[in-house]
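Consider the single chain below, provided in structure tokens and representing the form predicted alone.
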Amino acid sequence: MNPLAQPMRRIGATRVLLGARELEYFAGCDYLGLGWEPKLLAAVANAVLGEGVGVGASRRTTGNHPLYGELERALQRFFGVRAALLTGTGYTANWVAAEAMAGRFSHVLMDERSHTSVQQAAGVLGAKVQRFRHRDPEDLERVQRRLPAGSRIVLMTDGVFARDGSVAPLREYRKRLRPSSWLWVDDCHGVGVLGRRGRGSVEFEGVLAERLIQTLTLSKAFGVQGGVILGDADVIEAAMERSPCFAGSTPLALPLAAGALVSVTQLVSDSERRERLMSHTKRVKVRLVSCGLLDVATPGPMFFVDASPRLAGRMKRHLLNQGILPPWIHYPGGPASGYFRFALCSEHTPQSVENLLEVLEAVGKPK
């Protein structure tokens, strides 16, 4: 069995070609549609012609182009942090940060549903990993009470959980953690989407930047590719000096760095995309809660629908009949049989959102 998804082509922020058929796209993670922003595409094209595609070397050797530092400074200003470091992907951002912080902690407290990259990074830290129940501050406190008094603790969690759009209760975690503990947030699905300025779940929850590591990707709300580590200067310096992954990796392609600079500018100057996305999210989730398809209207612009094989087949047919791609996926952390994972984009029209709602209400409403 081929584990890859059926090939398709995106032809816009909210449209795809599946074979010869054009369909509405409520999937993926391009939450603000910036991957199709004309200014971004022009910046990428100009960088290809002016700078080439890649630097062909690690930033520790001869591949440290000025554009990388410019993007890091822009990200530092946008997030209001002391330092930022680019990595090749969001996945490797956690790995590089873990190599930088290896030996600093004796215990990791981890949300049991944390992303695979978070789980693997925890293994690099060289600390004992203790899991607590998903988004459960009381269970976190129970697990923490069993640790020795002198434990050096870091709590690791996703900021926004990609399956259902729920947010980690970071403020409650910080209150319950011992004063010297660190907080490590993989915010790949939160940045650009949540918070008054789009700084992610950390801003949304009102968490201070002290003893905080925030990792993210540029491949979702930013519309390009690459990873980022945000934190104190000593964390970033340690990543540059101590991480074999950083030292031995070629950085992201220069045109993508140029595109990401445009994304940062758009996020600073244009809040309308985020406002539209939040409006779509509230509308969809309130309706789906009212018809029983969702239990709670979470803040993130994604949600899932579990379905029996019979209902899944019926829902796929109805979605296709209405010109919507059925986003049926198999992904770690979800049911082995698969599930529908829907994602909203700021560039969806109100009519396309209504069309999706009508299909889901008609097909998925409990009998």
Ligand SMILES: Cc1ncc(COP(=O)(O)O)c(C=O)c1O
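All residue numbers refer to positions in the sequence shown, first residue = 1. None of these values were measured; they are calculated from a predicted model.
In what follows, reference is made to the form predicted in complex with the ligand, a form of this protein that is not presented.
Contact here is defined as any heavy atom lying within 4.5 Å of the ligand in the predicted bound form, and by that definition each of T89, D186 and S219 is a contact residue. Of the heavy atoms in S117, some are within 4.5 Å of the ligand in the predicted bound form. Put simply, G226 is close to the ligand in the predicted bound form: some heavy atom of it is within 4.5 Å. Within this chain, D158 lines the site of the ligand in the predicted bound form, having a heavy atom no more than 4.5 Å away. Residues of just one listed stretch (132-140, 109-117, 197-205, 264-272) have heavy atoms within 4.5 Å of the ligand in the predicted bound form: 109-117.
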